[in-house]
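Let's start with one chain on its own, the form predicted on its own, as structure tokens.
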């Protein structure tokens, strides 16, 4: 079968490779991969910046969907012909995260989904909502679960809340869709008026271009009558956390998800956290139980993920280049 391997760190080290067709062992299923989606984590893994000690070669990409080809002895959770997605963590089935549960993530340290076929334990598979295509389903395991886990599970999102969403990447657009699903108000920031217009079409209530309005925290707070927002999808990291603390309400939650602008703020103060009773909540994707809970809501509301660009399998490198450039809105996918 065909696959892509990280044979050396860097985009030049991402190479097509041949591997033997997999065979299912006890409790395992072989999945014919139909589509894969990219996360920024996958790009960092290719570059060697996510885990410089990662053993190579490695098949990248945590997120994918496909059809079960065959199952091994003892398998009862899935059967041949089922449409399935791989869970981001093959070992985090439920409950709180732990070192052991987080040691079984696809696309590093385990081989990922950017291959024609993969073998996964039956417990690491989740069924695709019936109304979604394989490409749409491939976008769910990491970005969608992260947004759902942050806002719904950890944040207790409710109707009438105000959510400030940084950017228009995968996690951010899912956060926008979930905010609308729950009847919450969504404020979206971006450096692109074109992307902001697309966010408006998806239901964003207010838009802020942080390039033309660098002090975006001021209009964000003004949009709440000076009270501050209830939730912030914080994907910027060091460069945006200080501003987030200026527009969060007393007792609000900043969901720390990304570090696109760096990891070490030079002017960070803990005083606003103390004085405003703010919660900084790290978000580590989510368990299989959270994934399945989210899928029920997606199916009920017939929600469709936003897949901006789809590349053929032989252009996987171009998909990573688009991810690196940040030129996408929502998700970037590769059809296998």
Ligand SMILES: NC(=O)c1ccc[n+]([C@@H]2O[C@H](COP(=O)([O-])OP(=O)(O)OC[C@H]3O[C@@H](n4cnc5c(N)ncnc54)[C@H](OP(=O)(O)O)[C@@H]3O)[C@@H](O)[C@H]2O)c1
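Small disclaimer: the values here were computed from a predicted structure and weren't measured. Positions refer to the first chain, counted from 1.
One more form of this protein, predicted together with the ligand, exists but is not displayed; see below.
When contacts are defined as a non-hydrogen atom within 4.5 Å, none of 2, 15 and 139 contacts the ligand in the model of the complex.
In the model of the complex, the ligand stays beyond 4.5 Å of every heavy atom belonging to residue 311. Within this chain, residue 41 lines the site of the ligand in the model of the complex, having a heavy atom no more than 4.5 Å away. Though the partner is left out of this view, residue 284 does reach within 4.5 Å of the ligand in the model of the complex, counting heavy atoms only. Among residues of the shown chain, residue 179 is not one whose heavy atoms approach the ligand to within 4.5 Å in the model of the complex. Note that among 110-118, 96-104, 70-78, 159-167, the stretch whose heavy atoms approach the ligand to within 4.5 Å in the model of the complex is 159-167. The partner is absent here, but in the model of the complex a heavy atom of 258, alone among 124, 258, 228, 129, sits within 4.5 Å of the ligand.
Screening 85, 186, 171, 248 for any heavy atom within 4.5 Å of the ligand in the model of the complex leaves a single hit, 171. For the partner-free chain shown, 323, 326 of 312-327 come within 4.5 angstroms of the ligand in the model of the complex, judged by any non-hydrogen atom.
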